[in-house]
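First comes one chain, alone, set out as structure tokens in the form predicted alone.
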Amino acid sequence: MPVLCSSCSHKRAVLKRPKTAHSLCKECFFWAFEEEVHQTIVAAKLFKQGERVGIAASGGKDSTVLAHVMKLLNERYNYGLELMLLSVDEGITGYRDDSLETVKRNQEQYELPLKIVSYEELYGWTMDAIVKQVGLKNNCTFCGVFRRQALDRGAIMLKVDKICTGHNADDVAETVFMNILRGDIARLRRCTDISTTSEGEGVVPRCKPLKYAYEKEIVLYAYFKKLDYFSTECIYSPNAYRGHARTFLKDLESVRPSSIMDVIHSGENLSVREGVKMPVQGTCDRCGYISSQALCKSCVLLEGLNRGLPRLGIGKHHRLHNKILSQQPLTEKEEKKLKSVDF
């Protein structure tokens, strides 16, 4: 016997929501998903009338659903936003070049302006070239740092007021776990924020409209809407640290579906004991980007690549920053240690 939609009670249900366990027809699921994103935007006051908003677009399911829903809600509720797509080309042959073709199709489908910035253009390096030098163990560190700054640089070129990213509930919960496992109190404090702002040159506020949307529901929404997205995983990500947190979270979710939201709420309610020393945010002495050290992580990683010292940005080498800034040569012992790619 077919199961009827628990919302409208007369159409046949096509899915059971992982988030609420309600059985819904396509139309009711679309409405519920879109309304939840709308309520998230309204409750957190993510946007103001007339703002220029850049949508971080990778061509994957999250950013494609985000672009679709943002355009739909902007028209349905008259947000008054000027939307545009912003993509980063990391220079990964067989992965990013293909996904950018999807982004270009999205540009035509949603009739939104598109800006693409590349690592090669900004840093003089592609991820393919970086992996050849550093190997596959810590390559995601380079990509993550460069990508964050590249999004800000692209946002400045577009002159947007905000960037919205496709981070979903699973992503946020994974980040909570990662910061707990690394003992990173500073990031743990802010990783669940739905909107982040930082003081510093070239830093654009970011927000996560899909923060409370489960990854499974995003996949279902994209599937039933027949959205055009790229589904291949990055060829350099098998050893990413996030993968371990993701596996752990999926195991928890299989036993208790509410685990994802429980972890997010726990992160939101964490507080740091008074007196705990926290990093002081400043700006990079070289590029002016936000940093708690004399040099930002991006400049240190780039310096290491350009000097043929890949370990320079991995681990704690802050004592070498003054040498880098003053262009002093490193000792033979320091160079030998930093040239090793066995991270």
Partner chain sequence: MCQVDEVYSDHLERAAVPSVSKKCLKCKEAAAAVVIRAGHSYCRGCFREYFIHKFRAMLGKNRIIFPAEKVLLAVSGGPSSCSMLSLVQEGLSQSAHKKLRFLPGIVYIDEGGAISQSMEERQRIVAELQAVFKGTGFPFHIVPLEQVLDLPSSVLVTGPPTSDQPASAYKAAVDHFIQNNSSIFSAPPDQEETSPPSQKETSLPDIQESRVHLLQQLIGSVKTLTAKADLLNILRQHLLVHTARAEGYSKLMLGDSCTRLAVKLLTSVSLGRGAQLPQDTGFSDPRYGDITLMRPMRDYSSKEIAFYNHMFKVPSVFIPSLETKTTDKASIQRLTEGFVTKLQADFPHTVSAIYRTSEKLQTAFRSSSTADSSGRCLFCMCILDTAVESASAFNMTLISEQLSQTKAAGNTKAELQQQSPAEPESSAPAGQCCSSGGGEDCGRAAGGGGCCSTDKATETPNLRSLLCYSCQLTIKDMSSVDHLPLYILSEAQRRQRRSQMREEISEFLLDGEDD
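Note that the structure is predicted; figures quoted are calculated from it, not measured. Residue numbers count along the first chain shown, from 1.
This protein has a second form, the form predicted together with the partner chain, left out of what is shown; the following refers to that one.
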Could you work out which of Met157, Leu270, Ala129, Leu136 is the residue within 4.5 angstroms of the partner chain in the model of the complex, going by heavy atoms? Leu270
Name the residue from Leu73, Val203, Ile264, Ile116 that puts a heavy atom within 4.5 Å of the partner chain in the model of the complex. Ile264
Close approach of Asn306 to the partner chain in the model of the complex, 4.5 Å, heavy atom: no
Look up in the model of the complex whether Thr40 has a non-hydrogen atom within 4.5 angstroms of the partner chain, and give yes or no. yes
Does any part of Glu36 reach within 4.5 Å of the partner chain in the model of the complex? Heavy atoms only, please. yes
Hey, in the model of the complex, does Val176 get a heavy atom within 4.5 angstroms of the partner chain? yes
Check all three, Ser58, Lys61 and Val65, heavy atom within 4.5 Å of the partner chain in the model of the complex: no
Looking at heavy atoms inside 4.5 Å, which stretch does the partner chain contact in the model of the complex, given the options 94-102, 142-150, 251-259, 121-129? 251-259
With the partner left out here, which residues of 9-25 have a non-hydrogen atom within 4.5 Å of the partner chain in the model of the complex? Ser9, Arg17, Lys19, Thr20, His22, Leu24
